[in-house]
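Same chain, two forms, each on its own as structure tokens: structure 1, then structure 2.
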Structure 1
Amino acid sequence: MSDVLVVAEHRRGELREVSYELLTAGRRLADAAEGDLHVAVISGDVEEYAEDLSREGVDAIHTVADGEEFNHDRYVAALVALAGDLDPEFVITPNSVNGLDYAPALAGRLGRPLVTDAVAVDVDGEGLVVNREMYGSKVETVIEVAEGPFVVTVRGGEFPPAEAVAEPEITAHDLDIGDLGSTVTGYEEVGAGDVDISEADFLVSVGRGIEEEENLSLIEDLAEVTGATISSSRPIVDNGWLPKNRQVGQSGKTVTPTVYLAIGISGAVQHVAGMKGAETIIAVNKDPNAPIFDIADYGIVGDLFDVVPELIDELN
């Protein structure tokens, strides 16, 4: 029996979607290891976060009310203390900017092996089995780590979020973290703009097929009648037609909307890596062999300059 400790992530007073996804990943790993699923939430309004994280499959939640925003030293110190008390076989963190900041230090302090960017996790006997994607998601590799305990970072958008409400045991920890080596004086998201596409429920995403910048008005009209948020593939951002914060993909953001409407997007692996977690994918492309149709739930083969006006008229 081996327990799992998942570390939740929050930003500016709100839990991030990846926190709920890691509950699913953690539960699956705990089931395979015949252990319990523990969740750690550090800093901010931990009582509210603990209530939100009380989802099906969670056995216990541990809160550390110290500070407001993420701080590397605080997270490492708190998690070292919690791991010492709980002795989990597996510690799972998001493969996010924050997770990749403290996970290596945590693994070093605990003397554990670290595996990053997992898209699937399992156990084999006493070892850990991790699936990772390489070469622009063209190749999936399987890594077997024979001796634990382990620290693993899991990529967002790879697991469905845990949803059903439950009543796990919630424990507040008053840890003596001591003096921190660093101080967070504020939070500023560089280039964030006014929209966070990773939080959008309905994305209308445009690609190279739009041809000219002035044609983006067609996509804006569609987004307006559908109430969607506009995102894009990399060529649109490289051309300076949309800001960087709208880009989906490996070099952009990972998104998990309920609906992802891809217009004039071919479906390069770098783009697909950022949106394949969408619940429903709809693609419009005049090339019937476009790779986007391989992952789309619904596809329209046609010229977007014919299809999109028809959609707008129909929706109006």
Structure 2
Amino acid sequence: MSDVLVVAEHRRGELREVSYELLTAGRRLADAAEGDLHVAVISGDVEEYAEDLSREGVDAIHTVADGEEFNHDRYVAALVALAGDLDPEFVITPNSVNGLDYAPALAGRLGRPLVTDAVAVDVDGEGLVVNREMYGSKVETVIEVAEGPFVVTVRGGEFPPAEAVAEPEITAHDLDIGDLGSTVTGYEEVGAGDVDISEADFLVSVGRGIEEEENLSLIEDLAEVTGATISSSRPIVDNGWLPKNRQVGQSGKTVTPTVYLAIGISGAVQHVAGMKGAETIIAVNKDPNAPIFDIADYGIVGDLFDVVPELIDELN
């Protein structure tokens, strides 16, 4: 019997959606390994979180009421202690920014192999089988990890969230956390500004394919004739060509327009995270294998410097 320990994630008083998704991933792995699904929730209002996490398929919840918000030193210490008690074969964490801030250290401390950013997980004999993407999502690989026990980080948005309510056993743990080498001193929202792209009905979104800042005028012209709002992928903002409030994606804004026209954007997972909810996705890209076409409703394989001027002409 091989148990699974899923680590929940919360921020500013709320469990994050990925926590419920991981319950589903964890349950599937626990079923395949014929084990129990344990869930750990650390810091903040753990009693309330434990109640929320009491969903179908969860056998036991472990709370560690120490600290308010995420701190990686605390997470590593608490999880090393819990893993020592529970001896799970699999520890699953979100592949979030915070997941990547503690999972590698946890794996190291436990002396376990780590596989990050799993989009599917399964068990084969004694080993773990993980699907993950490489080369900017252009290829998917099936990775076999022979020797357990394992630590895996799972990508958000890949599993349906666990829903139905259950009554797992909830245990509060009083652990000796020790010294913290890092201290969170605050949070800051960035990216506010005059335009709210999350309200727009039609977004013309530009990516690194535009090559030069001067070329942005082409996209401005298109936005002008279509009445669309301009948004972008991250490199455009990193380069300082557009302000942060125009960035779509994991670290930018989530948008749900009627039409999202992606021009010269490859469709990296962190970008897609912010726009996959658009009603109609149209992509213009010269690379027929660009991952953006995998989620697009309409695709144009072509050079944006040929297609966009023609489109402007057409609409004028």
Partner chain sequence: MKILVTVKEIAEVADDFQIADNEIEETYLEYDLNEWDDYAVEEGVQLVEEGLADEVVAATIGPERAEETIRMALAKGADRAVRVWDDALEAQDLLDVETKADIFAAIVEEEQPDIVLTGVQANDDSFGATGVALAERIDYEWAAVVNNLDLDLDEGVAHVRRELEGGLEELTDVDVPAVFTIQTGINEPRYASLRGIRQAQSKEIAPKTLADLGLEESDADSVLQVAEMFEPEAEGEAEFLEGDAGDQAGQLADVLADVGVLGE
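C-alpha atoms forming the largest set that superposes within 1.5 Å between two forms make up the rigid core. Computed from a predicted structure; not experimentally measured. Counting starts at 1 with the first residue of structure 1 and goes up one by one along its sequence.
Query raised in the report: Which of the two structures shown, 1 or 2, corresponds to the form predicted together with its partner chain?
Result: Looking at both copies of the chain, structure 2 is the one that matches the description.
Query raised in the report: After the core is overlaid between the two structures, has the C-alpha of residue 216 moved by 2 angstroms or more?
Result: Indeed, residue 216 is displaced by 2 Å or more.
Report task. Determine whether the C-alpha of residue 169 shifts by 2 Å or more between the two structures once the rigid core is superposed. Result -> No; residue 169 is a residue whose C-alpha shifts by less than 2 Å between the two structures when the cores are overlaid.
Query - Yes/no, residue 15 Cα shift of 2 Å or more between the two structures with rigid core fixed - result: After core superposition, the C-alpha of residue 15 moves less than 2 Å between the two structures.
**Report entry** Inter-form CA displacement between the two structures at residue 260 - rigid core frame, Å
**Finding:** Residue 260 is displaced by 10.1 Å at its C-alpha.
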